[in-house]
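In the form predicted alone, a lone chain appears below as structure tokens.
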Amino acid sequence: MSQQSTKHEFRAEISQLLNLVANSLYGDAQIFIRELISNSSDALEKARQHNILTGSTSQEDPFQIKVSFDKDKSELTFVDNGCGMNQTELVEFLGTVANSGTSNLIKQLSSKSEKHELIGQFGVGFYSTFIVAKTVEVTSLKQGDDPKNATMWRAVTGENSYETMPAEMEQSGTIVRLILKDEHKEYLDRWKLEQVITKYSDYISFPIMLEKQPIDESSDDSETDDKSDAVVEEPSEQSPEWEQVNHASAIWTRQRKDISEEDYQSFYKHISHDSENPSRWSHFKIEGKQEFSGILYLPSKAPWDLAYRDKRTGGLKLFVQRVFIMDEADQLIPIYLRFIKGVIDSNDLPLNVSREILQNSRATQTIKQTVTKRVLTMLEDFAKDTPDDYLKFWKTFGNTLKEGVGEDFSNKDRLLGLMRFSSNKTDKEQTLSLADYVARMPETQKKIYYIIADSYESAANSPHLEVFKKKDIEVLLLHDQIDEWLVSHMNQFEEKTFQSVAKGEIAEDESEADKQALEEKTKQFDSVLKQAKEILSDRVKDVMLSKRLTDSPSCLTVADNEMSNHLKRMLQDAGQAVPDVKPTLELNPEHSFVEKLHNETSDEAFEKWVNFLYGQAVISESGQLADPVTYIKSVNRLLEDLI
């Protein structure tokens, strides 16, 4: 046969490409198995379609892909009975890659900063075999050709040439035989092969048959009583036994009516490795200019890495025509929905040449938008259909969902509708939706009021709530760490703006009589307020009488456009530099302590009372005094004077 072989020189550019593919293009050597099975699947599909179009009934064996291995010879073989190739096609597809522009292709691939849409260029994936193989042989017979007209293509890693020669095959199809390098003989292990095949090609629509592990008869330690009578039999050639190792059926490609609830749950557990059933799922298929399908699952419990925005496992699995491409297809789902599990299968999606990195394209954005809308619809239906179960979801995933309010402007209103809060009219559990809050607002109320604190207890007992409790106005109690960030992106909901009760002026339902009474009190306290401001000049911007307080003697507030005291403390605790924003000290003129201040004639005692009222306002907000020891001593002396 060697006398009949024809030697061909690889084009210079192809030699460079081979070196690039074998050494740097693919991040994982096992990718070659995915590429070869994917090529075989394409060939089988073409053969199947050819039979349908021609009405051919000559197909004897079922369409399938066979994978066998020989450890002694270091051989790994992939066989399919698909459409096959003739000699011209073998040379065209395997001897040249991207007939035009190959030099430019190599320059692009050599640049680490570039990403390219090259997945559709036939033959590039095939060259991943040179990562693991010393020798690559491809024997193929084109569908409909004479069995004697098969052709073998052979190349050796590192050489600049390949050869073709006549061959014979019993049926059309392709045989790829690899002589593996010593450092890659792990792929001659059956367990390893099955693991890689099920990872990448589990849902290829054709059966993938893997050769069973041969039984090692040399380990038989049975003995006979009379060894001299033992008969030694010559070993006989046995046909290899095969086992299908892939499911060969992608659940997301089937009709929903044909899939049971148990099927959906079983598939979820398979892809997520979660022992519990999902809370909900959405099965969809999009048709049109861009076609893709998938199943999205809402877990019932949080994964261990939910808090890690940049390092996590699971998530969406990406398939292209049922071939697994990657876990964590981050470009297909916003990061605030990272708890969603599932699969996306696209007929055509721009990947880079190694099929490992998605390109930032309109197609990718379309899928991402569709996935996002599907998840939000699923959550909205969840909240409507089973509100109690939705509250369990919110307790687990609510803080993660809040991230989306500031990251996804186009879906902000829908996300706000999914939020749940506690209030001064509910218990600690976050059960109140913004829609319910607005629905029970009195007609005179123009804003949605909220307060932020370090804990529910601190928020519920804040002195800032006193006037709202008196007027029976509901206030949202925000006490999760992310809530400061959340409210900075909460502009309005159903045309109602948001207002912190610890910021700005409170003018809700304020009568003229109330305004006049406060003006009169301010005149009476004018000298007190000025003197207190002088004492606290390094700590507060102003001292004024309060509209908020009914029971407490004092509180701290800031202007609407200023950083809240709570946010300032959070940033300081995180070691961040913060602007020097001084709060306003508000005093309750009806409280006995403030009346005591008003009537105090001793400057020394007056200063003690001012510092006492300021310190109490700081503590009531869970704040930290600059010098708590001195404050305590001052309070003690103040109490001693009263005894």
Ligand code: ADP
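In this text, all values refer to a predicted model and were calculated from it rather than measured experimentally. Note that residue numbering begins at 1 and tracks the sequence as displayed.
FYI, the form predicted together with adenosine-5'-diphosphate isn't displayed, but the following is about it.
- At least one heavy atom of residue 80 is located within 4.5 Å of adenosine-5'-diphosphate in the predicted complex.
- A residue is said to contact a partner when one of its heavy atoms sits within 4.5 Å of a partner heavy atom; residue 174 meets this definition for adenosine-5'-diphosphate in the predicted complex.
- Taking the partner from elsewhere, residue 64 is found to have every heavy atom lying beyond 4.5 Å of adenosine-5'-diphosphate in the predicted complex.
- Put simply, residue 93 is close to adenosine-5'-diphosphate in the predicted complex: some heavy atom of it is within 4.5 Å.
- In summary, among the residues 397, 437, 126, 468, the only one with a non-hydrogen atom within 4.5 Å of adenosine-5'-diphosphate in the predicted complex is 126.
- Shown without its partner, this chain lists 84, 463, 315, 294 as candidates; in the predicted complex, only 84 has a non-hydrogen atom within 4.5 angstroms of adenosine-5'-diphosphate.
- Here the chain stands alone, but in the predicted complex its contact with adenosine-5'-diphosphate, taken as any heavy atom within 4.5 Å, falls in 33-41 among 66-74, 33-41, 601-609, 581-589.
- Residue 273 is the sole member of 271-302 found to place a heavy atom within 4.5 Å of adenosine-5'-diphosphate in the predicted complex.
- Relative to the shown form, the Cα atoms of residue 41 and residue 259 move together by 3 Å or more in the predicted complex.
- The Cα-Cα distance between residue 268 and residue 34 is shortened by 3 Å or more in the predicted complex relative to the form shown here.
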